[in-house]
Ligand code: HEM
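The chain below stands alone and is given as structure tokens, in the form predicted on its own.
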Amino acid sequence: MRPNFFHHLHPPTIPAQQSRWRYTLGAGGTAVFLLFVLAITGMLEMFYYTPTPEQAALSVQTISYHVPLGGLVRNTHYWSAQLLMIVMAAHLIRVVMTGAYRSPRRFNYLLGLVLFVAVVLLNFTGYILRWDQGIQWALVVGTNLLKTIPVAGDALYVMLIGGSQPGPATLIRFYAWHIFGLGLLVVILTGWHIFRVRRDGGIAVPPPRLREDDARITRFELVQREVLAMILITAILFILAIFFPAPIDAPIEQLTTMANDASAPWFFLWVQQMLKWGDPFVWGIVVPLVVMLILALIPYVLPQAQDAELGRWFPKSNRLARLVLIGISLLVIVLTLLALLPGS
């Protein structure tokens, strides 16, 4: 078979043992496909979305209920964004749990971490664009965290919000950040990340002399697996989009009042829970930054997987790195669950 453009995006062959789904989880390719779905559905929504405080929530309702297939497009966009964060988190866990972050892949690990943060912020800005009563916690409390930063806090708040309080300029700025700032950044980082994967030698495997299995698969079989994965993911997205519509609420009437049950989006619930403990700067800014710093330092300060242990789960030589990641993951999960408890 003569390779086409899509085949040439892949190496001629890759190790068979490390190409199995139970090793890679298919997370990297799934994330790229979900980004593609997000881009297509987002562009379709732009034809009807109006980024003004008076019309934003109403235009979302119009897309959901009056535009032909608009509800399906919006729900697919929403679920693609939610699944993307989950898949990227799984990809990060897989990389650490297999020791695949070791040199020469340390820089690409950092690129992936920055990309993950950019995707979370992309979700946050898209969440705000609904401009309905369900996003008030994120808009008011989330942005007010900037004010707690010493010296530069007020200036950063005004730069993000466009004034002393949320208003028309706020929605325009979040719209611009969502599409041009963070959207373009995610595209650039994704391309760079994929390029570095190829440049750094592809999947992390032991040197040839230490490999137990030298079997390899061709790019043609790899593409077939990816197409099968894309079909499966598309089916999952359509099922979610049809049976579990994206959240929608009444338009915001007055930003100075906020419902007692207002809460953060699910991916920031752990931060919301910590804000109940005291100083918002410490718990809302410093602690999340420390968590990201610890994750960023894993390839540089903690023991790395040995050559013979690459290409498989849970290498003994990087046990400390795995324990650190497990501790951070449990912290985030427990705090999220606590935030979901009634009366918490």
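Bear in mind the structure is a predicted one, so any value in this text is a computation, not a measurement. All residue numbers refer to positions in the sequence shown, first residue = 1.
One more form of this protein, predicted in complex with ligand HEM, exists but is not displayed; see below.
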**Prompt:** Are all three of 29, 108 and 115 close to ligand HEM in the predicted complex, meaning a heavy atom of each within 4.5 Å?
**Reply:** yes
**Request:** Could you tell me which of 215 to 223, 238 to 246, 185 to 193, 168 to 176 sits within 4.5 Å of ligand HEM in the predicted complex, going by non-hydrogen atoms?
**Result:** 185 to 193
**Request:** Just give me the single entry in 145, 264, 92, 129 that has a non-hydrogen atom within 4.5 angstroms of ligand HEM in the predicted complex.
**Result:** 92
**Message:** Contact with ligand HEM in the predicted complex for residue 161, defined as at least one heavy atom pair within 4.5 Å: yes or no?
**Reply:** no
**Prompt:** Quick one: does residue 17 come within 4.5 Å of ligand HEM in the predicted complex, counting heavy atoms only?
**Reply:** no
**Asked** Is there a heavy atom of residue 88 lying 4.5 Å or less from a heavy atom of ligand HEM in the predicted complex?
**Response** yes
**Asked** Does the 4.5 Å heavy atom contact test between residue 268 and ligand HEM in the predicted complex come out positive?
**Response** no
**Prompt:** Along 190 to 215, which positions have a non-hydrogen atom within 4.5 Å of ligand HEM in the predicted complex?
**Reply:** 190, 193, 194, 197, 202, 203, 204
